[in-house]
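A lone chain, given as structure tokens: the form predicted on its own.
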Amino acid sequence: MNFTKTMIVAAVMVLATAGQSLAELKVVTTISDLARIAEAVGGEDVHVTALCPGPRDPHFLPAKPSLARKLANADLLCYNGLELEIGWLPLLLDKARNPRIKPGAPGDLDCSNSLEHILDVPGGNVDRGMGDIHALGNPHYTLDPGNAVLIARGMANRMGQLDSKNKAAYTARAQAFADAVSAKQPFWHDQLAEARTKSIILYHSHWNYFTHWQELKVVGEIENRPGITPSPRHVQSIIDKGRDLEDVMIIAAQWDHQEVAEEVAERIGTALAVLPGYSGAQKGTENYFDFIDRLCSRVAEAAARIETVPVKE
């Protein structure tokens, strides 16, 4: 009899656990920054999976069958948009055959639609000879925490539509996320006070939202055509420009051509800040706030090192 009661209790617990699992909203995001924001908004009411891990450049993610299987079970797909995932997301969606997240469905969320401003929207005709130009604008908007707040509110609204019983909780968590960003803004701003007195050379326009948010002065890019290795002639022109400036520093992502970024920094005689491109790209940046902290601290450290770096002829 005791054995029977034990089995019944165990069965009830299994069913209860299964019910909780089924109650979770299954959220899939394309990039890690969106995953961290979705986790903050969804809390215990969601299960979040990111397709592209932080260390990977999301421009070039292989459309593996394992990723399509993750999409097949999703209730909500949160993607970056602005053509960042154009090379692989449509292929995965076609393989997943999930009507809940197909374009226009309730589970389809283009997070760029939450933005108020999009940077670097090109004018005139765009062709492949210009490099990896995004015709809809710069897609790396999660590097501005103000945009992250807008994304969080957009996610909360859509999660609430799909899971109405937890709508208030999603809204409250999005507000808590916004409050946390607001509380950190003065710290981040003060941290980069010295960097705002310097000129910045970027390897790639990946950082434009970050530099725009922090009011950093960008004077050039090593990569003159996005996604294409810069020519020696252009690299030399950037080095000459950097040498003409009194205080200049270099910013690159960890997946950029490090040897080129290092050569430019060494021949100018200045500091290079190699930054994680997305949350989770480096150890200790798994949380969105830790990620932004790392960006600010690395840039601040590089700004402070400028005068101590020797010139390599």
Partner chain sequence: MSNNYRRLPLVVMVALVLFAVSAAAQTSSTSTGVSRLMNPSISANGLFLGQVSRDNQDPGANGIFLQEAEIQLTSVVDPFWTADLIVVWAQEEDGDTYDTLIETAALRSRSMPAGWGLTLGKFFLPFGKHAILHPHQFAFIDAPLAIDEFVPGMIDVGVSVDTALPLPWYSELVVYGTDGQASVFAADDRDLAFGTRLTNMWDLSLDGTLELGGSLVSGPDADSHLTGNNKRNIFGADITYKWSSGSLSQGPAVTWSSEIVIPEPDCNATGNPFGAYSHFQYRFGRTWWLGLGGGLTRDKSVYENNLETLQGWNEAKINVAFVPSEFSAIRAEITYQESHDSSYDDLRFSLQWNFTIGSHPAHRY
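Numbering follows the first chain given and starts at 1. Note that the coordinates shown come from a computational prediction; the quantities given were computed from them, not determined experimentally.
Same protein, other form: the form predicted together with its partner chain, not shown, and the subject of what follows.
Stretch 91-99 is the contacting one of 153-161, 91-99, 111-119, 139-147, since its residues have non-hydrogen atoms within 4.5 Å of its partner chain in the predicted complex. If you check its partner chain in the predicted complex, you find a heavy atom from every one of 69, 230 and 256 within 4.5 Å. In the predicted complex, its partner chain sits within 4.5 Å of a heavy atom belonging to residue 203. Its partner chain is not shown here, but in the predicted complex it comes within 4.5 Å of a heavy atom of residue 63. Contact between residue 223 and its partner chain in the predicted complex is found at the 4.5 Å heavy atom cutoff.
Within this chain, residue 43 is remote from the site of its partner chain in the predicted complex, having no heavy atom within 4.5 Å.
Contact with its partner chain in the predicted complex, defined as a heavy atom within 4.5 Å, holds for exactly one of 178, 239, 86, 172, namely 86. Exactly one listed residue, out of 286, 263, 57, 39, brings a non-hydrogen atom to within 4.5 Å of its partner chain in the predicted complex: 57.
In the predicted complex, its partner chain lies beyond 4.5 angstroms of every heavy atom of every residue of 26-45.
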